[in-house]
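First comes one chain, alone, set out as structure tokens in the form predicted alone.
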């Protein structure tokens, strides 16, 4: 009975998925009801997570952990999943993909992410990963009458299956050379002299880097972001990143903590490569979703820089960076959802030409979010990068910090280019006014949070310092 209390959020979500699958079949035009029930169940799951034990608790033979890190990341996952569903309601209806299966698949994917976040065993982690991935394959190709969406789903499926195979091979090597799948036992048996197990770590890092779209395993990201329905792209850009980065932290600092010198170089290389490619490759993009894909790759590079330090402050700065990145991206996709004219959604950056003349509030939101993504003070994005660079410099990794600063300057170019198009180019036909309150709340709330963050910049430090317990 005690064990059930600790897995109440997971049990509740599982039962909700099964109930909604059955209810959706028997109720005509059931999307609205199923979508509302999904949002309500995610909100209730947050309450269940908040009521979990504050101390470290391990269940199921130490293969599942409830600690502050897992509780915090589960809340983030569920919260941003709610915002994605709220902001994309209008988009789904106009594009005629408002099927009852959509929110259920999103819910099932979220359940997989929650299992990943609390996993303390290679097998449990892989079960959560596959539940998440299978749902994401379906979501990417959900607009099945459109070739781009089908192609995006197929590309993501093929490349993700390859990455999962490599990750599974790494897990089998770890198990073979340490004799266990439990994180703590692996940590005790793993040392630099165990060459086979260290080899396995490389394959696991490859699999995890694919999931967070870090270079050189980013190849799926621009095509899948562009081809998928925009509602799915916003989900891809936000929610799976939380689970994947949490697992990255968990793997590096629990089972692999004793071989830090062996994996640190790999993470530094991935971080530098992601920052450089994210900054340079986005310059020539005309599709805003492709640009957001390269932006996402670059931002994951900065997050990994904090992870590569091997310090507690590095992990904390990575988590703070992730939170601010999520808020910025939520606002950015809220603005993209507003690019609608005659029931058609536009994705080309040039369609924003002279937007400020007809849509001053939307233009201001774009301005705040893009300045923040570029890391310009005093917006939240500046503090996110500041915390990362401070922890990197404190660890004596000056080259990484310099490369990060240079790529920040380069990436500012393509963000400022969009602002120039919005404010200084000749206006085009105005977009339609959106009456979706969920979308407006998401966009305005994220813009306000980014804008006023400088008034109390230590708020996230206070929260995260009480969460991370390594």
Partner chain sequence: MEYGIVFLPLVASIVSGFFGKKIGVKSCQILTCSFVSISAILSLIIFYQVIVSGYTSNKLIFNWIGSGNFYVNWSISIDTLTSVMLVVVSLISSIIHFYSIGYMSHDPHKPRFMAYLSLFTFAMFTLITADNFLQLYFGWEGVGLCSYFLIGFWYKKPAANAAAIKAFIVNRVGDFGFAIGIFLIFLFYGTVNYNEVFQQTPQLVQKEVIFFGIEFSLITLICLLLFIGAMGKSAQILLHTWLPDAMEGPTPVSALIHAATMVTAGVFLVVKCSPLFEYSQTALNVVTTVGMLTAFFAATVALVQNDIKRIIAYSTCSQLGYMFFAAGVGAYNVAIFHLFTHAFFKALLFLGSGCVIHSFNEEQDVRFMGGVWKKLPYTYALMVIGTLALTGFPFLSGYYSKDAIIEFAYLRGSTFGYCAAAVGIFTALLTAVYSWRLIFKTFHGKYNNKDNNLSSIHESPLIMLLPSLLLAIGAIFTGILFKEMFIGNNSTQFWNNSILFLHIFQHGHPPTWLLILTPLLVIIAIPFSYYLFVKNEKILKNFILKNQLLYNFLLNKWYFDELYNFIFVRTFKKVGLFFWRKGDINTIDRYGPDGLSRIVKTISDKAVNFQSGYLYHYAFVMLIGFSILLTYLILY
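This one's a predicted model, so the numbers in the text were calculated from it and none came from an experiment. Numbering follows the first chain given and starts at 1.
Beyond the structure shown, there is the form predicted in complex with its partner chain, which is absent from this document and is the topic of what follows.
Look at the stretches 150-158, 127-135, 365-373, 304-312 and give the one with heavy atoms within 4.5 Å of its partner chain in the predicted bound form. Only one stretch passes the 4.5 Å heavy-atom test: 150-158.
Counting any non-hydrogen atom inside 4.5 Å, which residue from 390, 283, 94, 254 sits next to its partner chain in the predicted bound form? That would be 283.
If the cut-off is 4.5 angstroms on heavy atoms, which of these, 185, 266, 123, 79, is the one near its partner chain in the predicted bound form? Going through each option in turn, the one that passes is 266.
Residue contact check: residue 386 to its partner chain in the predicted bound form, 4.5 Å heavy atom: Heavy-atom contact with its partner chain at 4.5 Å: absent for residue 386.
Residue 222 versus its partner chain, in the predicted bound form: is there a non-hydrogen atom within 4.5 Å? Flag for residue 222 set to yes.
Should residue 171 be counted as a contact of its partner chain in the predicted bound form, where contact means heavy atoms within 4.5 Å? Residue 171: no contact with its partner chain in the predicted bound form.
Its partner chain contact in the predicted bound form: residue 290, any heavy atom under 4.5 Å: Residue 290: contacts its partner chain in the predicted bound form.
With the distance limit set at 4.5 angstroms and only heavy atoms considered, check whether 34, 56 and 320 all reach its partner chain in the predicted bound form. Looking in the predicted bound form, the three residues 34, 56 and 320 all stay beyond 4.5 Å of its partner chain (heavy atoms).
Judged by heavy atom distances of 4.5 Å or less, which residues of 393-413 approach its partner chain in the predicted bound form? If the 4.5 Å heavy-atom criterion is applied to its partner chain in the predicted bound form, 393-413 yields only 410.
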